[in-house]
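Taking the form predicted on its own, here's one chain by itself in C-alpha cells.
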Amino acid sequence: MSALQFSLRETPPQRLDLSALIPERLADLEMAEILRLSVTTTRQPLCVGDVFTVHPGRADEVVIEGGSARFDEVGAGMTRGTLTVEGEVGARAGRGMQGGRLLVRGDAGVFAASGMRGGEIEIGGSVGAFLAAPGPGERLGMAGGLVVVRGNAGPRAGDRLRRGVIVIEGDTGDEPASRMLAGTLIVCGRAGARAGYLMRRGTLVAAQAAPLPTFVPIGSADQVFRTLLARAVAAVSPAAAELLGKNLTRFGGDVATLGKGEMFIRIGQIAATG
C-alpha cells in the first residue's frame, strides 16, 4: 500500500496548525475522522477536509503534496514514521520531535527543530531564524537528533543547542551557535557575525568565519575527532564530511563565559572580526 497522502487544494486562507498530521496520530483513525481533524489557528474553524484531498494509504508514511508558508507545526511531536512535504512550510517545523524522519522539499520558517529531542529533519531549501533554538520562555534548545539544511539559515541558528548535530550546507545569519551548551553545528558556507557568541561548550565547524576577540587560537584541529565526525555525517551530507577533511584551525571560547566551547575554521578562511 502507498503512503497516506494529503493533496493541497488551494492556497490556505489562514495559517494552519498541521501538528495533527503525523503518523502516530493518524494510525488508528478512520478516513472520516481524519477529514474532521482541526487545523484551525484563528476564529475561523477549518478541518483537514476543507484544505486537503486525502488519499488512503499507510499511516506510517505520510506525504503532504503542495507546500505553503502558512503550514505551521508540521511534524511537531513526531515519535516515529516518515513525513514528507513536497514544498515549503511555515514556523516550528519538527517542533518537539522525538523520533521519525521529517523531509521538507522546500524552505522552512522560524524555530524549525525547536525543542527537538530525537529523530531526523532534512530541509531541502533554506530555513528562517532560530533554527533549533528554544521557544519563548524556554531555557534549552535542541537536545538530540539530526538536522540537515541544504540551503542557508537565518540568525541565531543553534541558539542554546544542548545536544545533537546540525548541518547547514549554505551560509548562516548572525550569531550561529550563540549560547551553545553542547552538541555540534557544522556550517559548510560562511558563518555570520559573532559566531559562537557566549558559547559555553560544544563544537562549531565553519568553512568561513570571523572569530570574536573572546575566542583564543589553540592550534590545529584533532585529526581523530574530525575523522569520526566526518564518518558520522558523510551519509547525510557529503559537503560536511568534505569540510571536515580540510585543514582547520581550532579556537577555544567564548572566554567571556564558561569558555569550554571550540570553533574549527578552515585555514585561509578566517575573516577579520567585524
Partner chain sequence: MMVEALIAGAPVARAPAVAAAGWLLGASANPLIVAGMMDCGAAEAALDLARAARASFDHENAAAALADLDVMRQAGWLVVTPLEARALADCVLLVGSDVADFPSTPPPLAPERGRKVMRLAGDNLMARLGLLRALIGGRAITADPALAALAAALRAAHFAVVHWSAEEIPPLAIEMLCGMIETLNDTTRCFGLPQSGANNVAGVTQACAWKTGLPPRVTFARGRAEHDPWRLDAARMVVGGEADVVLWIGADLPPWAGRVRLISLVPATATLAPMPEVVIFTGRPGIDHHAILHDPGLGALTFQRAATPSAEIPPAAATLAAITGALAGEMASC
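Positions refer to the first chain, counted from 1. Computed from a predicted model, the values in this text were never measured in an experiment.
Keep in mind that the form predicted in complex with its partner chain is missing from the display, and what follows is about it.
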Check whether Leu103 has any heavy atom within 4.5 Å of a heavy atom of its partner chain in the model of the complex, and answer yes or no.
no
Does Glu24 reach its partner chain in the model of the complex if we count a contact as any heavy atom within 4.5 Å?
no
If you check in the model of the complex, is Arg70 within 4.5 Å of its partner chain, heavy atoms only?
yes
Is Ser114 close enough to its partner chain in the model of the complex to count, meaning some heavy atom within 4.5 Å?
no
Scan Pro134, Gly87, Gly99, Gly124 and let me know which has any heavy atom within 4.5 Å of its partner chain in the model of the complex.
Pro134
Is its partner chain close enough to Val110, Arg160 and Leu212 in the model of the complex that each of the three has a heavy atom within 4.5 Å of it?
yes
In the model of the complex, which residues of 145-176 put a heavy atom within 4.5 Å of its partner chain?
Arg156, Arg160, Glu175
